[in-house]
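Just the one chain here, laid out as structure tokens, in the form predicted alone.
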Amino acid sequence: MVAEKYPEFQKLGVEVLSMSVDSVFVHKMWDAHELSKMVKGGIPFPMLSDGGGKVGSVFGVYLEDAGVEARGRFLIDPDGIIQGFEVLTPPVGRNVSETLRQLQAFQHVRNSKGTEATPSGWRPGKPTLKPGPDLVGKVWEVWKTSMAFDK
């Protein structure tokens, strides 16, 4: 649950917002009667109401016929550009640890000013890729080295 891992998001300098078509009153009840029993103190970040699905429509998650929004996660960089997203149907939960890993990877690439890329499953401290002509045909070598780190 994002609320449980919120301190980790804060350490990364990430702002978390949740949004649904539910009213602020429904959010208050949900927090008071459900979420606060799962996370001490309840949700530590803003829960926004998107009555009518205007924001959800812009992001492509508002299901107009049902009047609900699919579960979406959008990673937006400091310049307001969506760097990653995931949309799931309600029966499938999200993986918050993977979200944190992706945020770390996006921040690493941003901080490198594009001189580095992160391979699949990358974590801080693991090898990165250096995009350029010398990498062509050799990605497997870096990947193999990166996988050896996991053992």
Partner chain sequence: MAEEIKAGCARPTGGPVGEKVDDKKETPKQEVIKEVKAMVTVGKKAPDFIAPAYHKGKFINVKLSDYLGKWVSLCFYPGDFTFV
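Positions refer to the first chain, counted from 1. Note that the structure is a prediction, hence the values are computed from the model and not measured.
One more form of this protein, predicted in complex with the partner chain, exists but is not displayed; see below.
S.K.: My question is simply whether Asn95 lines the interface with the partner chain in the predicted bound form - judged by any non-hydrogen atom within 4.5 Å.
M.R.: Answer no; every heavy atom of Asn95 is more than 4.5 Å from the partner chain in the predicted bound form.
S.K.: Applying a 4.5 Å heavy atom distance criterion, does Gln83 contact the partner chain in the predicted bound form?
M.R.: Looking in the predicted bound form, residue contacts with the partner chain include Gln83, since a heavy atom lies within 4.5 Å.
S.K.: Does the partner chain get within 4.5 angstroms of any non-hydrogen atom of Leu129 in the predicted bound form?
M.R.: Taking the distances in the predicted bound form, the answer for Leu129 is no, it never comes within 4.5 Å of the partner chain.
S.K.: Does at least one non-hydrogen atom of Asp134 fall within 4.5 angstroms of the partner chain in the predicted bound form?
M.R.: Judged by the heavy-atom cut-off of 4.5 Å, Asp134 is well away from the partner chain in the predicted bound form.
S.K.: Could you run down 87-125 and flag each residue that has a heavy atom within 4.5 Å of the partner chain in the predicted bound form?
M.R.: The stretch touches the partner through Pro90, Pro91, Val92, Gly93, Arg94, Thr99, Leu103, Phe106, Gln107, Arg110.
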